[in-house]
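Presented below, as structure tokens, is a lone chain in the form predicted alone.
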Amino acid sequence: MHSPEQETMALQGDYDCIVVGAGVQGSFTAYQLAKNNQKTLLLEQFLLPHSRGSSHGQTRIIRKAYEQDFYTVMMEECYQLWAQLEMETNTTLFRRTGILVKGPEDDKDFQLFTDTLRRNRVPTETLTHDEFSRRLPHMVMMRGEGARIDTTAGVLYADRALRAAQGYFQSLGGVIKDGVKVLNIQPGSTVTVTTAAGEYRAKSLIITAGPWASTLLSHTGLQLPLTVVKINVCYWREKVPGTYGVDTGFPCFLQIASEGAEYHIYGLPSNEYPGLVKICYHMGSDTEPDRRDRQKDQTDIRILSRFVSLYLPGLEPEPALVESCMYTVTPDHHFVLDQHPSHRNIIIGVGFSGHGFKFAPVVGKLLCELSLGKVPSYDLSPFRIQRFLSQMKSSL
């Protein structure tokens, strides 16, 4: 992953910043640091590319439709920065499809989505039952449900995006060392990171280690309430090929409050695997990141099978293919973007709770700003560590 010249620089061991974890958040953080002329090392415990964490796979949804204004506001710049990376690398990373947000009109979450879209003037279509039946004849809209389409939304090509960010980081002189596991972190005015390949030092350290964040944070004396869950990424076969295809105009979708489902269900049109539609439950079962595949719980698959049978009659009701991913979830499902409470030159970007990929360009910018001591571009109060520390104190 690195040239002889970069290898020589790496062996010197001294950097402006070290980023641990080369998933999408770490890769965009490293990219932003290099753009700010920081001598940066990006460390990854597995050989790249790999499918062990949270950033692999061909596709993710990108959308402005959110319950919270602060996410919708951040997404405005995310779209611009994704487009910028497309230009810089001459790579197509985004396909616009729109996203259908559907659920009971009187449901609190559905109303939050509707209100946030309206307040932020996101280009939106509202479908009546008749319009829905005409536009989406192979999807069922139940009595009492509403349907909104965020027309700005679409599909991000995830693996391609990760390669693009990493490649551009390297073109700016950044160093990636993969297959290098961090064994210890020694805080200080200069942070020392010990790996099996040797020690590296930097003025600042950024931890974007996904499911392995808790292990790394323990070296710094910090414990955060992070839960790692395994997600079954399910693909469902079309009975008639092309029925739910991206080329026939079928959108991404987000189903709010369907029967038997505590969490949202989301889907993408058939594209990456011809004839297969990606539909997933937005939660999984607790797992250990190094033992992910021992987690065999299929509760989510049963929920999805019921959903597919009821709402998508043109799909086979059993998944044709199941892949694995992991979410690192915070109690409130919001990210952690902050400085370490005791070591201000250690920056933490974790807990993306299964909806962080689309935000990576802005997350990378914010983590870079924090490491450089700049005023963050956005209000980070929803993402501060303090919200957990006060909760933990009150429970003692």
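The shown structure was predicted, so the numbers you read here are calculated from the model rather than taken from an experiment. One rule holds for the numbers: they count along the sequence shown, beginning at 1.
Note that the form predicted in complex with a small molecule isn't included here; everything after this is about it.
Taking the partner from elsewhere, no residue among His138, Trp236 and Gly275 has a non-hydrogen atom within 4.5 angstroms of the small molecule in the predicted bound form. The single contact residue among Lys39, His334, His343, His355, judged by any heavy atom lying within 4.5 Å of the small molecule in the predicted bound form, is His355. A single residue from the set Tyr79, Tyr71, Tyr266, Tyr168 has any heavy atom within 4.5 angstroms of the small molecule in the predicted bound form; that residue is Tyr266. Heavy atoms of Leu304 never reach within 4.5 Å of the small molecule in the predicted bound form, leaving it off the interface. At the 4.5 Å threshold, heavy atoms of Leu100 stay clear of the small molecule in the predicted bound form, well away from it. For Ile61, a non-hydrogen atom is located within 4.5 Å of the small molecule in the predicted bound form, even though that partner is not displayed. Using a 4.5 Å cutoff between non-hydrogen atoms, Arg148 does not count as a contact of the small molecule in the predicted bound form.
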